[in-house]
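Just the one chain here, the form predicted on its own, laid out as structure tokens.
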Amino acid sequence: MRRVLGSLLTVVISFCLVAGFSPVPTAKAENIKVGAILAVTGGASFLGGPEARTLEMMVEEINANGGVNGNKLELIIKDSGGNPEKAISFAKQLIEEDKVFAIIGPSTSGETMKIKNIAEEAQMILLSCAAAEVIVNPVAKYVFKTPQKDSDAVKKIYGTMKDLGISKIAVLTGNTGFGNAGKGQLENIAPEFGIEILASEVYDKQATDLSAIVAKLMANKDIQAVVNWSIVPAQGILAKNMRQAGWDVPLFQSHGFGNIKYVEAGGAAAEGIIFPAGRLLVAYSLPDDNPQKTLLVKYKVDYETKYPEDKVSTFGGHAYDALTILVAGIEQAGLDKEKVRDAIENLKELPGTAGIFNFSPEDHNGLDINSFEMLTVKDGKFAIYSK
């Protein structure tokens, strides 16, 4: 009987193959198109460059290991140059023409805010690499972001100031979406920490000399420290102008300072700058039982091996986290976009470069204040800050 059944099964399979179909249903693998809008060139290239290189490296590795659930990733990068109008055009192109599964980026807050509604209306998953809290507050169904919250960065800065006995400060911000958002947070949270903002100045993102603003602020002898909130080369320029003028009050920067190239641009003047950032920049200094350490060290080694001319940055890390989150969602939910969106919104305890992500319907950032470490520049390198 077994021999007869075996022969019959062989005949059935042979018939099916000749007829052009398989008797056992199999899932057909397909490419998953992932769009990315990044400032690879231009004034924000310190952000977009590492983000693009990170995504290219990750996609290459993921595909070499069989893809996501057997599906290969197809990465389509659009270089916005940090221009919001280009970001709008590219977002529409990726959605309408390229038919991407999701979009990573943009690199900057201003660009992200310009395309937030476009993504929402198209029901397109958007994983922003920009930091402004307004990107996810209020929550938009399809929009997520990977950098830590502005408000938490401000609280870390003000908490450190309080420990140092600093209560009277000056605030400088670039005229970008990130700068404007930071200015609002700095002003709103100051009373909570007993901080008095004695002066507030906004400068153009293209500024190459801030010495006039420095001279104006120096005239106020009550200012005990300066907070600069920007993502442009002016971060290094301000440090130089302050030290050239002999003004040695502490300089605090935002979490937008997390690229060693900003330190290199500031030279010796960058020494002693204090800022909040994720732990990627001090990965080797973390204890071995830190839940992020293995991931951080691997990313740093992989990136700096593949791109020896570049050092790992928190900005590349934001793209790393965005793709990690998207892949986790697809692994859980398959290729149904709505189910993937739902999966992302409910991801818990997911280690990333910026912290441990815990998303919810009320929180599309998934990070808290514990994702930050206060860092400083010591001997031209990043180090954990200690009083």
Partner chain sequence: MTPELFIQYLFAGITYGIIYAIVAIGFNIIYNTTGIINFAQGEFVMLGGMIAITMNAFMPMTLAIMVAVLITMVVGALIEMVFIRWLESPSVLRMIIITIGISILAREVALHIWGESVRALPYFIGNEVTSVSILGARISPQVLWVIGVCSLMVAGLSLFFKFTSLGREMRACAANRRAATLCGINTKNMVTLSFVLSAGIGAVAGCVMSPITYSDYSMGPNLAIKGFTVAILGGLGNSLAAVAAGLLLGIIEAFSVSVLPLAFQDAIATAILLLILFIRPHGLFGSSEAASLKEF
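Here the structure is a predicted model, which means the values were calculated and not measured. Positions refer to the first chain, counted from 1.
Same protein, other form: the form predicted together with its partner chain, not shown, and the subject of what follows.
With a 4.5 Å cutoff on heavy atoms, residue 199 does not count as touching its partner chain in the predicted complex; it lies far away. At the 4.5 Å threshold, heavy atoms of residue 213 reach its partner chain in the predicted complex. For residue 305, no non-hydrogen atom is located within 4.5 Å of its partner chain in the predicted complex, even though that partner is not displayed. Under a 4.5 angstroms non-hydrogen atom cutoff, its partner chain in the predicted complex has residue 240 among its neighbouring residues. With respect to its partner chain in the predicted complex, the three residues 156, 164 and 371 uniformly fall beyond 4.5 angstroms at the level of their nearest heavy atom. The stretch from 216-224, 190-198, 148-156, 282-290 that comes within 4.5 Å of its partner chain in the predicted complex, counting heavy atoms only, is 216-224. Only one of the listed residues (172, 100, 273, 73) places a non-hydrogen atom within 4.5 angstroms of its partner chain in the predicted complex, and that residue is 172. For the residues 351, 42, 67, 334, the 4.5 Å heavy atom test against its partner chain in the predicted complex is passed only by 42.
Shown without its partner, the chain has 41, 42, 45, 46, 49, 50, 53 in segment 33-63 as residues with a non-hydrogen atom within 4.5 angstroms of its partner chain in the predicted complex.
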